[in-house]
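To begin, one chain is listed below as structure tokens, in the form predicted alone.
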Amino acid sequence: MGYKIIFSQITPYLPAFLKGLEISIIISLIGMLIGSFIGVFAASGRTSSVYIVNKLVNIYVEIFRNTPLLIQMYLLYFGLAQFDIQISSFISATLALTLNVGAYTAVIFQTGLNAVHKEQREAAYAMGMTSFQTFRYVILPQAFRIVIPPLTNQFISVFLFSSVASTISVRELTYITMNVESITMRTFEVFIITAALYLIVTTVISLLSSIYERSYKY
């Protein structure tokens, strides 16, 4: 007898799915916002003429860009516990995502900063602006417009990769999915719902990014 699709057995668990989705969005937003803030400073550090700053920032970027996010979460959650440093699974996942995003966005922002013509900086200095004012009001806004598309892709990646937080018991969407699947044994229905929820969120992110990009053209 063939497998019959029965979504009615899954609908009682929809509130749990939505709660898991909420957790996924929260850790992704925190990771992306704080990580991007770190990325801006890291991008500046990568172009810094101060040797020690340049080297330390590059070491940070290379470590977090060239090791799996899952390993980073495990080191924070399980690794630090070996030294009696207890960090909750939620904080471990969020911190790992944040540091990971910081490393990736550092490269993104560096590309954007390098794309701004040096004449812009020279003009700002000629107007009497300080280095900080030039960076804050002239260079960064122009660089940000340039990097909107890659930042959007990074945000989507962060949201999708947040699913690995389930491995350290963060009750996000994938964690809830695995629990519901083990209870109902309705594998197809459970994962179809989860895939649809991920797809809806990533589509919304892409649409909002497109709207934001178009607003700069008018």
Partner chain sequence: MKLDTSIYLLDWLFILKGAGITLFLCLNAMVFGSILGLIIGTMRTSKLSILKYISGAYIYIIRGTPLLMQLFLVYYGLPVFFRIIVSAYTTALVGLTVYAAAYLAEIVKAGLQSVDKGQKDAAKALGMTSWQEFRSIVLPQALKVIVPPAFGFFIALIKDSSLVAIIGFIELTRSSRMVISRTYQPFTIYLGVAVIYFVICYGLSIISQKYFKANRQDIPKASQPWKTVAIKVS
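Remember, it's a predicted structure, so these values are computed and weren't measured experimentally. Numbering follows the first chain given and starts at 1.
The same protein also exists as the form predicted in complex with the partner chain; that form is not shown, yet it is the one meant from here on.
**OP:** Flag this candidate site as yes only if Glu22, Ser48 and Thr130 all have a heavy atom within 4.5 Å of the partner chain in the predicted bound form; otherwise mark no.
**Re:** Not a single listed residue reaches the partner chain in the predicted bound form, so no.
**OP:** Counting only non-hydrogen atoms, choose the one of 88-96, 116-124, 133-141, 72-80 that falls within 4.5 Å of the partner chain in the predicted bound form.
**Re:** After filtering at 4.5 Å, what remains is 72-80.
Subject >> Contact flag, Leu56 vs the partner chain in the predicted bound form, heavy atom cut 4.5 Å >> reply: Result no; Leu56 lies far from the partner chain in the predicted bound form.
Original post:
Taking heavy atoms and a 4.5 Å cut-off, does Tyr198 contact the partner chain in the predicted bound form?
Top reply: Contact with the partner chain, yes.
Original post:
At the 4.5 Å heavy atom threshold, is Thr202 in contact with the partner chain in the predicted bound form?
Top reply: Close contact exists here: in the predicted bound form, Thr202 approaches the partner chain to within 4.5 Å, heavy atoms only.
Original post:
Is there a heavy atom of Leu207 no more than 4.5 Å from a heavy atom of the partner chain in the predicted bound form?
Top reply: Looking in the predicted bound form, residue contacts with the partner chain include Leu207, since a heavy atom lies within 4.5 Å.
**OP:** Identify, from the list Ser44, Ser169, Asn153, Thr184, the residue with a heavy atom within 4.5 Å of the partner chain in the predicted bound form.
**Re:** It is Asn153 that has a heavy atom within 4.5 Å of the partner.
Subject >> Heavy atom within 4.5 Å of the partner chain in the predicted bound form - qualifying residues of 169-195 >> reply: Residues within 4.5 Å: Thr174, Met178, Glu181, Thr187, Phe188, Phe191, Thr194, Ala195.
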